[in-house]
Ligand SMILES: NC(=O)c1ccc[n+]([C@@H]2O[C@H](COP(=O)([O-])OP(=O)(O)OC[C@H]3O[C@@H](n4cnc5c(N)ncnc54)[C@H](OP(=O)(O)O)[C@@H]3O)[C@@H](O)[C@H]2O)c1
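In the block that follows, a single chain appears as structure tokens, in the form predicted on its own.
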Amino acid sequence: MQRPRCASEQRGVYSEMPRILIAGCGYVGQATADLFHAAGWDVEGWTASEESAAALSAKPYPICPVDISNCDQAAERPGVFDAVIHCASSRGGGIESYRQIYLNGARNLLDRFAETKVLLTSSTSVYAQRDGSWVSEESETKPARETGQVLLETEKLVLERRGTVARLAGIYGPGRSALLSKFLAGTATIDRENDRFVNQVHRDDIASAIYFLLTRETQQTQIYNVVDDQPMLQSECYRWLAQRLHRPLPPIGKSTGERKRGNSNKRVSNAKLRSLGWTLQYPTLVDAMEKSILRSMPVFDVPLSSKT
């Protein structure tokens, strides 16, 4: 069976500009690819299916259908790159998806690009602290969930092969905010007994952090937390949204259901990455909501505050 071709193969030539592979052109991957392309890099994106690649065919860089969890597909795809980013997601799958996409995907990329700088996007969910304490890259990591354990195993593999790990906080941005969605859907609650700190980072700041780490003389085999400057209590987030949108506060009640990122309560520090000179476009959730998230949404049935 003939494997599908992407635009870079059809061109038959490669640019002399630095080349980067984005393995996983999803929500974060597309923004990262766009940023590197705008900076003059020769970008190639990989996505898991031909359907996904076709949906992104209008991008100004080639998108190829390559499932990184398939060692044959990863090995057969031609190309030489100056850097490779593993930012494929589990697509909402469980433990087996995590093993295939993160662990096996990372192994396949590291084997295929043994001499190339590799960056893995992991998650701050590997920190399982519950006492609201500050955590840094040196803090204990003992995730209770198997998915978090797989992420740690993947991190170890990447670091052993001289790669870099970026631990991402909760991702939000245009068209995506779990807190805002729950608030607007009326499913949010304020749990006074189990309030917790929320650690988040805007999609575009993730892209800028990845660009920063791959274009500066930063040390490899390092872990960096990618998170904004101000963890907020979940109740404070909802109170701000209620005031900003002129809507009632969510009801007081007991939180139900498992949280996607685990039942932890901590404040994640970005001091290590900040100390190298990384800056954020959206240092806080409030900044991002005012300047990016709310402006990108349809008009609400209740007028927004005029505050900007």
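Just so it is clear, the structure is predicted and the values come from calculations on it, not from any experiment. Note that residue numbering follows the sequence shown and begins at 1.
Beyond the structure shown, there is the form predicted in complex with the ligand, which is absent from this document and is the topic of what follows.
Although the partner is absent from the chain shown here, Gly24, Val66 and Ile101 each have a heavy atom within 4.5 Å of the ligand in the predicted complex. Mapping the unseen interface onto this chain, Gly148 falls outside it, with no heavy atom inside 4.5 Å of the ligand in the predicted complex.
Contact annotation for Ile171: at least one heavy atom lies within 4.5 Å of the ligand in the predicted complex. In the predicted complex, at least one heavy atom of Ser123 sits within 4.5 Å of a heavy atom of the ligand.
When contacts are judged by a 4.5 Å heavy atom cut-off, Val158 does not count as touching the ligand in the predicted complex. Only one of 231 to 239, 188 to 196, 127 to 135, 88 to 96 lies within 4.5 Å of the ligand in the predicted complex by heavy atoms, and it is 88 to 96.
Exactly one listed residue, out of Ser255, Ser52, Gln281, Asn263, brings a non-hydrogen atom to within 4.5 Å of the ligand in the predicted complex: Ser52. If you take 184 to 198 and check each residue for a heavy atom within 4.5 Å of the ligand in the predicted complex, you get nothing at all.
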